[in-house]
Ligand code: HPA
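A single chain, nothing else alongside it, follows as structure tokens in the form predicted alone.
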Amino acid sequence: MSVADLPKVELHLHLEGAAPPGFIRGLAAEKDMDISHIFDPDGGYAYRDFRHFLEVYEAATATLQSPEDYHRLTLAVLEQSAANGVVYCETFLSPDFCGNREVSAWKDYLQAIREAAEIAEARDGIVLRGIVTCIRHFGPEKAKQTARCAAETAGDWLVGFGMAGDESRGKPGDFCYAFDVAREAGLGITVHAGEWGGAASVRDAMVALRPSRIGHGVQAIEEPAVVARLADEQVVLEVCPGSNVFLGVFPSWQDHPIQRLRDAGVPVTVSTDDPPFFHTALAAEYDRLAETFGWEAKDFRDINLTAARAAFCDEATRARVIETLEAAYA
């Protein structure tokens, strides 16, 4: 079995960001929307830099206007994930895009997504769970509304709460109320930091929001004290190397710090973030990690077991995933 064929756990995947470009073009055509400006001549997503990426992302997301659209999206995304060997996935969902943070509307969207996930699990064996994310550049007040949506639907399927968006907007402490609401509802806590905001953004997120996982977190490498704290507290990083290289956070795969973070004792996992936007897939990430750092099956076993243990799912689901991984990697 090749590395690309090995079973995988993915913890950092934005549902809308995983939408195949052809799927979004099809939705736009159905709705008579002209979003041709967000595609390149080859039909892929086109943008200049990270902030423009956020604009293109939101333009693509504007085609998703109903629970049925999200049902179809979920099926399309999980089909691709399963084809890359993913056996368990947690995806970021935003009530900002699903019902405009209104609880009853959000519940309709969530039900449609969950029904699609059940179909995909029966069809392909892939297990999906959801993490609600507030959008940092939408501000703290909207984050509070998003957290209320999360708390109202927390349970066996909606398992986590996090924050994505522009790291240059606001401070982690501005969002404490939203994260406290989510934590009190029993949701696992993750937060995007250290993708663009430097090591200080990782430290600030750890102090203010107390996450058990951090999305990206790779710029922690700039400050040894932050790396040491991640290792000491065993905060798990949801690392997306292809995304980081494509967006220029690091100039090349050789310069990416994932191996240095591992060597320092920081628990790391591997995900794709928004794979079609970055012309990647999880199997391709594994191939590049093997090529760049000489990772072998034992390395991928370790990061997948780390991911399974850090997942926000119930213990019975975790045990099944770990059993699948251990059987395959044996």
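Sequential numbering from 1, following the sequence displayed. Quick caveat, the model's predicted, so the values are computed rather than measured.
Only in words, not in the display: the form predicted together with this ligand, which the text now covers.
J.: Only one of Arg213, His216, Arg129, His256 comes within 4.5 Å of this ligand in the predicted bound form by heavy atoms, so just point that one out.
T.: None of the others qualify; the residue that does is His216.
J.: Since exactly one of Ala120, Val236, Ile113, Ala164 fits, which has a heavy atom within 4.5 Å of this ligand in the predicted bound form?
T.: If I apply the 4.5 Å criterion carefully, the residue I get is Ala164.
J.: Taking this ligand as it sits in the predicted bound form, is Tyr57 in contact with it (heavy atom to heavy atom, 4.5 Å or less)?
T.: Heavy-atom contact with this ligand at 4.5 Å: present for Tyr57.
J.: How about Glu285: is it within 4.5 Å of this ligand in the predicted bound form, going by heavy atoms?
T.: Answer no; every heavy atom of Glu285 is more than 4.5 Å from this ligand in the predicted bound form.
J.: Wondering, does Asp96 line up within 4.5 Å of this ligand in the predicted bound form on heavy atoms?
T.: Asp96: no contact with this ligand in the predicted bound form.
J.: Phe39 versus this ligand, in the predicted bound form: is there a non-hydrogen atom within 4.5 Å?
T.: Phe39 lies outside the contact set for this ligand.
J.: Using a 4.5 Å heavy atom cut-off, which of 30-38, 293-301, 61-69, 272-280 contacts this ligand in the predicted bound form?
T.: Stretch 272-280 is the one.
J.: Output the sequence-ordered list of residues from 186-208 with at least one heavy atom within 4.5 Å of this ligand in the predicted bound form.
T.: The stretch 186-208, when checked against this ligand in the predicted bound form, contributes His192, Glu195 at the 4.5 Å heavy-atom cut-off.
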